[in-house]
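Before any questions on binding or motion, here is one chain by itself as structure tokens, the form predicted alone.
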Amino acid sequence: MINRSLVETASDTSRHKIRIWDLPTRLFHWLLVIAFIVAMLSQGDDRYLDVHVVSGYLFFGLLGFRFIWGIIGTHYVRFSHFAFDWKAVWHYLKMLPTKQRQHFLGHNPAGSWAIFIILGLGLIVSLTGLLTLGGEERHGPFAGMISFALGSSIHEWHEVTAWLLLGLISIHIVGVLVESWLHHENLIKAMITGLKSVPVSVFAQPLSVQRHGFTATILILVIIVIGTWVYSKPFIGPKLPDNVVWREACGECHLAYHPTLLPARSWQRMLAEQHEHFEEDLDLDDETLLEIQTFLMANAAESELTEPAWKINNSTPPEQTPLRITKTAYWIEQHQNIADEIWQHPDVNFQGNCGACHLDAEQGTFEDAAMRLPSSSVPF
């Protein structure tokens, strides 16, 4: 197998161009690059979670295509064609600095190992991303199947493997540049055009044009299906328990903050002090007070019905009884980087105006991707 992949360059100076990389492989390669870049640029900022997830689905779909194409694809992209053992890799690297270095039409041994590891890490990144999405955000195929705590732990592994993948890709790029220099060929251009310049004596395996067109069509359909599926399922949080009496009583003066946003002890103290409610007297009768209290106690942060509820519950020490959502550790952490200009924006005015930035504030779900800051020249 190795001999059939080698390019003999001893004395033949006459060269011609042959197609090594088929169209589906080239489409896969550059779409995967784009998907990974978008995913990395959109990570860490909750406002772009929807963009991050879409690029992640695309990345995962492309990996699935590559695993299939690695079995049924054209000659140079089949896994069986570049499944080199470690001895071949060591020999290739050992000879690389010498004039006896090996030159391959397809993937060289070192590059092949990099590709297998990239595909493996990419699969881990995709799966941990789906599990994180299901655990922390309650979306995707694993929605609600794992706890918030486990989803948070998996999120850490997702980030670690993503950075490992970025490091390996960087090494891969360096390897491509080094090999291009040593062999006097543009490997990046070859992955764009599919063509390599080789001696006329070199035999290249023919590529099936029909298979190209069929697979390119399948690849494009996969992308369309993924994009359509994701965008047809927007980031809408779970339907939370509601109560007409609570919503009317609390919503009369301000946004009816859902009980999941504070611990039960906070609501209990707030109702016990209803006649001194932030310089106001709620003046609730016993029946109304009991109904509101029952609703608040049953659906407070301890219920962990949403990701914010889980984080508020686990970040608020038991000895603390915050009466303002803006005084919770979680709220402070999430809003500490917001510029003063945002708070002073006419559409915001004060920190408790959640609806100015959170599209789902009235529903109380506070989905990450449902946040849109008012127009400002100051970055978040």
Partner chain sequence: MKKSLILAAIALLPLSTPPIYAANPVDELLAKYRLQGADAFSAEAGKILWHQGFTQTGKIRKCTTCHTNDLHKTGKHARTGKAIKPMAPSVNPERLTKLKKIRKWLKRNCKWTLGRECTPQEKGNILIYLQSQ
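Positions refer to the first chain, counted from 1. Remember, predicted model here, so these are calculated numbers, not experimental data.
There is another form of the same protein, the form predicted together with its partner chain; it is not shown, and what comes next is about it.
Residue 269: touches its partner chain in the model of the complex, heavy atom cutoff 4.5 angstroms: No.
Heavy atom of residue 251 within 4.5 Å of its partner chain in the model of the complex: The answer is yes: residue 251 has a heavy atom within 4.5 Å of its partner chain.
Partner proximity in the model of the complex: residue 255 to its partner chain, non-hydrogen atom cutoff 4.5 Å: It does: once its partner chain is placed as it appears in the model of the complex, residue 255 has a heavy atom within 4.5 Å of it.
Exercise: residue 350 in contact with its partner chain in the model of the complex, heavy atom 4.5 Å: Result yes; residue 350 sits at the interface with its partner chain in the model of the complex.
One stretch from 166-174, 72-80, 243-251, 260-268 that, in the model of the complex, holds residues within 4.5 Å of its partner chain by heavy atom: Flagged stretch: 243-251.
Contact assignment for its partner chain in the model of the complex, among 280, 156, 85, 286, heavy atom within 4.5 Å: So the residue touching its partner chain in the model of the complex, by this definition, is 280.
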